Structures are given as structure tokens and as C-alpha cells.
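The chain below stands alone and is given as C-alpha cells, in the form predicted alone.
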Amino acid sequence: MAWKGRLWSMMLEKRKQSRLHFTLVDPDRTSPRDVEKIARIARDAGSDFILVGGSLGVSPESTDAVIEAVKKYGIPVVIFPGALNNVSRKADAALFLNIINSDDPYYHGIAQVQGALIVLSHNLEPIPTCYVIVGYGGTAGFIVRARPIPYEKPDLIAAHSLACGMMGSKIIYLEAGSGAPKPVPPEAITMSKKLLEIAGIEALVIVGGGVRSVEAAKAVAEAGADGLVTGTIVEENPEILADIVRAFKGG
């Protein structure tokens, strides 16, 4: 199939050169006109990929419109699905999610079964991703009925990451939630990477939520994260994105 391996291979190649940055755009909160501005700033800042998705109020039409706006700037677009109606054939790939600490059985089987046929019919590249919701959790945590792992339990966060890797996830996404008061603890990132290394598992650990400053981005990088997802701050103050990307990538 045409979608096999393209963006995942690109991520691995880019990771050999530097850490990865993902700019997250929520179609429910951002108009296509605003998205064009964000996409241009993201491209110029050195962001590698645009994630498109949201947990509430996202329609197929708004998703398509946002992706079309992003595509004008030549940045790869990956669906970060909050629901099945968030999957668009206009994207390049989709994070195929397992929400490991959701208490709702729907997110551990039926959602994936329903989504698989949509991803296939849309000719999207699926990237197996384990989603670990931490601390604050935000809207996503509430909607998926997650049991967020407390910030002060980095060992438990790391154990979830290890389980994700053992189940075959290519990306392990540690998420504090949109608008979180603080990011995922650096200790949890370091411990996650260490356990995966001990187990001989190759997976990218990416982190999102609560990173609003250069200092926070540096802390995530120093902890060993392979990728950083920046969302809310891009909507509120996109001009700071270049500084955050530079701090995270070490430039």
C-alpha cells in the first residue's frame, strides 16, 4: 500500500539528526485563516510535523479545512484523533491510538476496529501510538475516562511506557493535557527511556502538555524525550514557538 512506512521512516531519519517537534492544531479552536499563520510560523520555526486533532467539537469539515490550510506550507500532517470523525483522507498519516490508562473498554478495542477500516479506506499510514495521560489530563482525559497517573509517580508513568513498548507501540506519547499547569515530570521521561533501553525496545517517547517556556522545553529535552508536542501556547502566543523549538532541539 502507498501509505506504508513513509512518515514513520521520515520521523526516524529526522530523529537521527535532532529531536522532533510537533505543532498541534485543534480544528475546533482554530480557524483555517489562523491555521495558515500558525503553519507558516511552525515551518519557519523548524517544527517537523503538524498534528491535527481535538477532543471536543471537531467535525470532518473543520478537520479537512485545517489540513488544507496547513498543506500550503509543505509540512507533513498527522491526524491525532480525538474521535473517528477526526480522521481525514487529506492527511499523510494517523497516530493509531491505544489509550492505555482509559477505564473505558471502548478505547481498548472497538475504537481501533472501527478506526482501522477508516484509516485503510483513506489510504493513511497508521503509526501505532500508546497514549499515556498524566496528572492534569485536561479535556482528553475526561472524555476518554482516563485515570491520569499522578505527577508524583514517575515510576508508574515509566511502567506504563514500558508496557506500551512491549505491546509494539512505535510512539509513546506522555500527555499532561491541553492547558496543563505543568508538564510531564522529567524523571518520568528519563525512567521511561531507561526501561525501554533495558528491554531493548526501540520507540520514540514524545511529550505534550504544559510546556509554555524555553526552560520547560529544555527540561524535557534534557530528560531524554525524542519529541515535543506544542499546542495551547501556539494558539495563544505563536511568536514564542521558534524559541521553544530551538530550546528543545538544542539549537
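All residue numbers are counted from 1 along the displayed sequence. Bear in mind the structure is a predicted one, so any value in this text is a computation, not a measurement.
Beyond the structure shown, there is the form predicted in complex with a small molecule, which is absent from this document and is the topic of what follows.
Asker: Looking at 61 to 69, 207 to 215, 194 to 202, 31 to 39, which stretch has residues with any non-hydrogen atom within 4.5 Å of the small molecule in the predicted bound form?
Answerer: That would be 207 to 215.
Asker: With a cut-off of 4.5 Å between heavy atoms, is Leu241 one of the residues that contacts the small molecule in the predicted bound form?
Answerer: Leu241: no, not in contact with the small molecule in the predicted bound form.
Asker: Would you please decide whether Gly177 lies within 4.5 angstroms of the small molecule in the predicted bound form, comparing each non-hydrogen atom pair?
Answerer: Yes.
Asker: Within a 4.5 Å heavy atom cut-off, is Leu24 in contact with the small molecule in the predicted bound form?
Answerer: Yes.
Asker: With the partner left out of view, is Gly231 within 4.5 angstroms of the small molecule in the predicted bound form by any non-hydrogen atom?
Answerer: Close contact exists here: in the predicted bound form, Gly231 approaches the small molecule to within 4.5 Å, heavy atoms only.
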